[in-house]
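There is one chain below, alone, in structure tokens, taken in the form predicted on its own.
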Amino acid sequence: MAIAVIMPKQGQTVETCIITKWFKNNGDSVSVGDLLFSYETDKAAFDFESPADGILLDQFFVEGAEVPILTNVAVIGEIGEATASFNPHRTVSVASNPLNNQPSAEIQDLKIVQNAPDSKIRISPKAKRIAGESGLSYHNLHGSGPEGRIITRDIEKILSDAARSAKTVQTMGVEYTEQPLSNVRKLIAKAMYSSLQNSAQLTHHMSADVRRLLEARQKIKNEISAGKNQQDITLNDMICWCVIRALEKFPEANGHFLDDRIKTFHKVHLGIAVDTPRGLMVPAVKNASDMDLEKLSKELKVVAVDCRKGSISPELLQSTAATFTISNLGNYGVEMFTPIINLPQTGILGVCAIINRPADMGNNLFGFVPYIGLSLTYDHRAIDGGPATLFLKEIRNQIEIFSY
């Protein structure tokens, strides 16, 4: 029995998705869990897995097509099964039943598509906007979307082809290539630019003694090696735990700045920056302040894995889903940086590399102590420098008194 592959609904605000890549072709054998295609919303990118075993009988949309949610994108079944009744592009005439003048049973469940008047150009709003911004005339263009509708892919392809002839340039024997930005990259660029343009951001830097964290981490590693049923709690998990404790003492940093008011949250919904092959994603761990360390560690791993798999809920990627964000670049050896706030949040903590530094050990003895860099960026419209500094000092304090 043929089964429709339907474009899933990702969140309450998503109306269309763009198919970015097909992993299977018509006629290919597929099994439950095989990757069928990748798609993007206006928030993130995802992978879609086959819902059934069988043969991929028909694909109704090409790569780059903008597809309404809950629309059939393909059919899986057995060789020889008909697929026409699943095709969302199909235009049918309404055959009447001579007894009741109603559509015949064979076509009652088909989607009836009315052809647009010749004078009307069928183009998606996004494609129209891109064409307008680029000064491109699309009036004589036949699109690749349903019924010749012009979609984003068509406009971007024309712009890309037009530029490609001038893209490979030789300058003193050096060649370079260019490629258009992915939708996710465009969204990241837009959000970062908007954040810097629409807020008063300032960054304070401080270091914290992480000997207690390192001791706890070594203890956890030893217990795992000994075969004990131990959650693999990382240094980043511990730091997130410490930040949550600090936010509870300084709730003014746990909020959203909304131009004419500040919304302060009673619970911490922690945003965590996750690097994925598709680009940076910042999912929220809701109600993180209600969790113990083990639960927090598990939830942080779940959202990170979901982001990399492309199965994270778009609702968790909304900038309003989190109340404060942490971005950890310590594994890359970064000693200091200025993270950009995910508006309307009022702050973000950058976690840096651990550096051994000379320190007074007492009794006129000096030695090297591991310090971790902390970079707090805050919106000066919402928080003054004094409270921001005290909040950062409290994060340091929570790290230095940590116990496990």
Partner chain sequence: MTVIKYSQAIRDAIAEEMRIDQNVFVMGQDVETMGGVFGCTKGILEEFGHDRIRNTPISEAVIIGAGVGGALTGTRMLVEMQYVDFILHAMDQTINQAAKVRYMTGGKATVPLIIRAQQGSGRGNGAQHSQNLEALFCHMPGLKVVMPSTPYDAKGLLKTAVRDNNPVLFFEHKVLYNTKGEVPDTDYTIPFGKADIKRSGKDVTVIATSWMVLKALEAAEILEKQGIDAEIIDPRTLVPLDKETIINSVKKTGRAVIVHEAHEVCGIGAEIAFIIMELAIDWLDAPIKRVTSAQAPIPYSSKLEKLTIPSVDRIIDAVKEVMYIK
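Note that the rigid core is defined as the largest set of C-alphas that superpose within 1.5 Å between two forms. Here the structure is a predicted model, which means the values were calculated and not measured. Numbering follows the first chain given and starts at 1.
Another form, the form predicted in complex with the partner chain, is not on view; read the next lines as being about it.
Across the options 150-158, 220-228, 307-315, 242-250, residues that bring heavy atoms within 4.5 Å of the partner chain in the model of the complex belong to 150-158.
With a 4.5 Å cutoff on heavy atoms, N236 does not count as touching the partner chain in the model of the complex; it lies far away. The partner chain in the model of the complex is not approached by V75, whose heavy atoms all lie more than 4.5 angstroms from it. With a 4.5 Å cutoff on heavy atoms, G135 does not count as touching the partner chain in the model of the complex; it lies far away. Interface membership of K267, defined by any non-hydrogen atom within 4.5 Å of the partner chain in the model of the complex, is ruled out. P125 is the sole member of G80, G333, P277, P125 with a non-hydrogen atom within 4.5 Å of the partner chain in the model of the complex. Among K263, H205, R129, R211, the residue placing a heavy atom within 4.5 Å of the partner chain in the model of the complex is R129.
No residues of 372-404 lie near the partner chain in the model of the complex, the criterion being any heavy atom within 4.5 Å. Core-superposed comparison between this form and the one not shown: the CA of E156 exceeds or equals a 2 Å shift. Annotation: Cα of R212 displaced by less than 2 Å between this form and the one not shown, core superposition. Once the rigid core is overlaid between this form and the one not shown, K126 counts among the residues whose Cα shifts by 2 Å or more. The Cα-Cα distance between I155 and K24 is shortened by 3 Å or more in the model of the complex relative to the form shown here.
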